[in-house]
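Starting off, we have a lone chain in the form predicted alone, written out as C-alpha cells.
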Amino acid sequence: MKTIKNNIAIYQEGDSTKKTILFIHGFPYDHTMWNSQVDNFSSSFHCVTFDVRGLGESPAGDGQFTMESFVDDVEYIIDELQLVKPILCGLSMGGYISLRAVERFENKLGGLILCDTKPEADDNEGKLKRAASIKKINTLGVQEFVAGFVPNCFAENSIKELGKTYNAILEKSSASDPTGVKGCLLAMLGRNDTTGYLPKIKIPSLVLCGQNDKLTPPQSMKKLADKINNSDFVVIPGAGHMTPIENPDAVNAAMRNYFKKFFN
C-alpha cells in the first residue's frame, strides 16, 4: 500500500499489528531495492519502505537536504504511522541515516540492521569526490554520473547474473531527478561521524557486508560490528555493495536468524 505523507512516498506490506521492519534504501536507488526482503518477511512482519526525499517517487523540492533532515523524515514516519519500536534496516546511505537515527532516538527503535555502510564521515578526499560528482551532474547530466557510479556498487559477476534486473536498476537510477541526486550528495558530504556512539548502542544489531564490496569492504565493516556490543556480523557470499539484490537468499537467511535470536 502506497501513501504520500509530508512529500514522502511510503509503502506498507503485511499486518500493521505485527513487529515492524523499517527499510531505508541506498543511493541513488529507491525502495524497490528491498523487494526480496519485503516479499520474504511481510507474512510475519509489518514491512515499511519509503523513497528517501529526492529519489524514487519522493519529490526533490529545492534539493537542500541534510543528513539531519533525512533523519527527521525517519522520525516523522515512525510517529505518523505510530510504529512501536521498529527494527531499522539501512544500506549504505540508508545506513548513515540509520546510525544517526539511533544516535538521536534509540529509545524509539527496537533493533538495527546495517548493510554495507560505515559510521565515519567523509574525509577531505571523500568530500572532494562528492563535489566532483555534483560537478559531473551539472556538466554532463545525471545519466553520466549514474553510468559511472552504479557499476561500482555491484560485484562483476552480479552484473552478469542479474542481467535485465541490473539494467532496469541502472535505467531507473538514470531517470532520477538531478536536483534530488545532488541533494543527497550534499547531505552525505555534510554528515557527522557516528563512530563514537557505536559502543553505546543497546538495541540488538546485525551487520551485513558483501564479500566483494569495494565501497565498504568486509574488514572495515567487521571493525564497525566489533564496536557494537553483542552484534552479529555476517559476510554475504559473492555480493558487492548491494547485498539485498545480489544475494537476497543469504541476506534473508541472516535476517531470519537475527529475528529468531532476538524477536521470537
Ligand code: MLT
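From a predicted model like this one, the values you see are computed outputs, not experimental measurements. Start at 1 and count along the sequence shown; that's the residue number.
Form predicted together with the named molecule: not shown, discussed below.
> Heavy atoms within 4.5 Å of the named molecule in the predicted bound form: which stretch in 223-231, 39-47, 25-33, 192-200 meets that?
Heavy atoms within 4.5 Å of the named molecule in the predicted bound form occur in 25-33.
> Counting any non-hydrogen atom inside 4.5 Å, which residue from 104, 130, 172, 108 sits next to the named molecule in the predicted bound form?
Of the listed residues, the single hit is 130.
> Please identify the residue among 92, 98, 158, 176 with any heavy atom within 4.5 Å of the named molecule in the predicted bound form.
Partner contact (heavy atom, 4.5 Å) among the options: 92.
> Against the named molecule in the predicted bound form, would residue 149 count as a contact residue? Criterion: heavy atoms within 4.5 Å.
Residue 149 belongs to the contact set for the named molecule.
> Is residue 188 a contact residue for the named molecule in the predicted bound form, using a 4.5 Å heavy atom cut-off?
Answer yes; at least one heavy atom of residue 188 falls within 4.5 Å of the named molecule in the predicted bound form.
> Does the named molecule get within 4.5 angstroms of any non-hydrogen atom of residue 60 in the predicted bound form?
Close contact is absent here: in the predicted bound form, residue 60 is far from the named molecule, nothing within 4.5 Å, heavy atoms only.
> Using a 4.5 Å heavy atom cut-off, state whether residue 215 contacts the named molecule in the predicted bound form.
Output for residue 215 is yes: heavy atoms within 4.5 Å of the named molecule.
> Scan 239-260 and write down, in order along the chain, each residue with a heavy atom lying within 4.5 Å of the named molecule in the predicted bound form.
Only 241 sits within 4.5 Å of the partner.
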